[in-house]
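Before any questions on how it binds or moves, here is one chain, the form predicted on its own, in C-alpha cells.
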C-alpha cells in the first residue's frame, strides 16, 4: 500500500459549504497519527481537520512548492527544512503560542537544522535499517548483507534517493551526506550492481510483503519495521554496523497558510504529552516529545528499534541537505538507477 493522499469527496465538499466551522488542512506522512488524534482535536476545539498523507518528501515538496497547494501544515524531514526555508515556503513559528514546546526531548530542542525552532517543530524521529525474516534470512547486520545473492527477488530497497544511495555510501565507508562526485558515482555503481537482486524499490508498501513472508529482507525505516514486527514476530531488525541514516520529521506551517492561529493551536495540541503518547502507541513511532515518552509502557519506551540504545545511536548520522550541484547529481544518478 502506498502512502496516498486522501481528498474530500464531492459530497463532502458540498457539505463543507454548509459547515461554517473553521477548517485546517494538514498534510502528513502515512501511519503517522493516532486513531483518535484528529477526532479528539476536532471535539475539543471545534476546528475541522482535512487530513492528507504523502509517501515521501519529494511528493510533499512537489505538492507545496508552487505556494498554492491549499495545505496549512506539512511534516518535512529535517534535511528539507533548510531548502524549504530558503525557497520561502515556510511561515515563522510563534513560540509564544506553543505553551507545550518545553516537552521536546533535549536532543531536539535546538536541532542543527533549525536551532531556534523558527520555522519547524520536531514531531517524530527515526532511523533507517534492515528488517528481515529471521528464519529465511538469518540475522543480517550490515548493508553489505543486502548485496548477497541469496536474497535475489525477495528483497526491497527504499524508494528514496537519500536513503538508498546513503546505504551504498555507508557500505563504501563514506558519509550519507557526501557531496563528493566520485563517492556518489561509486554509490551508483554499487546500487546498479545490486539491482538484479532487488524485487522493487518500496517504502511503506514493503511492510505487508514482509508480514506475508513474500520478502526475506528490506531496507526500511525503523518505525515501519516495528509495525511489521508487531504483526509478524518472525521478523527481526538491525541498524547496520557500517552506520545508518537518522532523520526527524517536523511540523511546519506553510507560508501560504491563512490560518496561522489554527495551525499553531494544532501543533501545540500535538506537543501535549498525552496526545503524543497516544500517537506513539497507535503508530509505533519514536516521538520527539520527552514528556510523552515518560508516559509510554516500558516495553515501548525501551524498544531498541524505536529508541536505539546509546551505543547503537552513536553509529547514526543525521541527514543533511546537499550543495545544489551534488543534489542534482544524486537525483540524476537515482533516475538512472531506477530506469536501468
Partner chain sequence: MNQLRTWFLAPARLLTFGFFLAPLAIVVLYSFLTRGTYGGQGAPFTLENYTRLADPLYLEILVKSFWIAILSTAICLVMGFPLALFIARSGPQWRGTWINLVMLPFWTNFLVRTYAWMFLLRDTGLINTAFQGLGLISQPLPLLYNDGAVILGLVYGYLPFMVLPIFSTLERQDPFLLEAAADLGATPWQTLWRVTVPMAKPGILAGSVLVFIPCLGAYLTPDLMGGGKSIMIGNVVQQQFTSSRDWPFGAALSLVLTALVMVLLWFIMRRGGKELI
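Predicted, not measured: the structure shown is a model, and the values here were computed from it. Numbering follows the first chain given and starts at 1.
The discussion below concerns the form predicted together with its partner chain, not included here.
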{"query": "Heavy atom of residue 201 within 4.5 Å of its partner chain in the model of the complex", "finding": "yes"}
{"query": "Partner contact for residue 179 in the model of the complex: its partner chain, 4.5 angstroms, heavy atom", "finding": "no"}
{"query": "Residue 136, heavy atom within 4.5 angstroms of its partner chain in the model of the complex", "finding": "no"}
{"query": "Non-hydrogen atom contact residue 324 with its partner chain in the model of the complex at 4.5 angstroms", "finding": "yes"}
{"query": "Contacting member of 145, 105, 190, 205, with respect to its partner chain in the model of the complex [4.5 Å, heavy atom]", "finding": "205"}
{"query": "Contacting member of 195, 92, 99, 141, with respect to its partner chain in the model of the complex [4.5 Å, heavy atom]", "finding": "195"}
{"query": "Proximity to its partner chain in the model of the complex (heavy atom, within 4.5 Å), stretch among 270-278, 58-66, 307-315, 29-37", "finding": "58-66"}
{"query": "In the model of the complex: members of 230-259 within 4.5 Å of its partner chain, any heavy atom", "finding": "none"}
